[in-house]
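Okay, so here's just one chain, in structure tokens, the form predicted on its own.
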């Protein structure tokens, strides 16, 4: 599933091309991706100017001259500039400066419109890339749960997913089962720094292309080549040489090094 670095990469590709464009026509073909009435939503969007393209957590947000459109890529969603309609195209936006195609093979993504913005955005916690150290620590300190599920909760910290939580916890040498409320300020500060560092490195590499992810131009990312623990179960740890383990935690596959990340 595309996480913050992948979404940020898509946004950076879209913003220069979409900002200032007018949506001439929109069409939709998936009741799973778009829950609104297709014709009513198309009518609301027709003639609207795109004022900005931004990211909120894992959401792409097109702010219009009236209202906003949020796009969540789900597991297999792709936003393609001047793309070609195909078997998995679920939405198409005809612009005065080209066309924007939304493809989604598994249809777990979501496109929503709202004024002033979709309600779903209101429940997001502080953004993982832009959260200050104290705000980050306070957000985690309020909970007694295990650190990995907390970091995955978009209401606690927005933008993180399975890949980058595993990588950040490894960089900070924190066990994924550690209780957030029992971690010292020093260790939480180290985690804050690790999250920011991992995310910035991933963005610089265009994100991680594990399966379907590509950017707005159809290009794959390369950060998967730099993963230290994610997807590397039973391989040697790049730091200590021990064996990376995979466990289930909160119904999510979790990768860590038992030597480097002691509980």
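Predicted model, so just to flag it, every value in this text is computed and none were measured. Positions refer to the first chain, counted from 1.
Omitted here: the form predicted in complex with the DNA. The next part is about that form.
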Proximity of residue 246 to the DNA in the model of the complex, heavy atoms at 4.5 Å:
yes
Determine whether any heavy atom of residue 215 comes within 4.5 Å of a heavy atom of the DNA in the model of the complex, and answer yes or no.
no
So in the model of the complex, does any heavy atom of residue 230 sit within 4.5 Å of the DNA?
yes
Although the DNA is absent from this view, report whether residue 44 comes within 4.5 Å of it in the model of the complex, heavy atoms only.
no
Option from 125-133, 167-175, 91-99, 106-114 whose residues, in the model of the complex, bring a heavy atom within 4.5 Å of the DNA:
106-114
Would you confirm whether the three residues 75, 144 and 253 all fall within 4.5 Å of the DNA in the model of the complex, going by non-hydrogen atoms?
yes
Which one of 196, 205, 54, 32 is close to the DNA in the model of the complex, taking close to mean a heavy atom within 4.5 Å?
32
For the heavy atom contacts within 4.5 Å of the DNA in the model of the complex, list the residues of 175-213 involved, in sequence order.
179, 208, 209, 210, 211, 212, 213
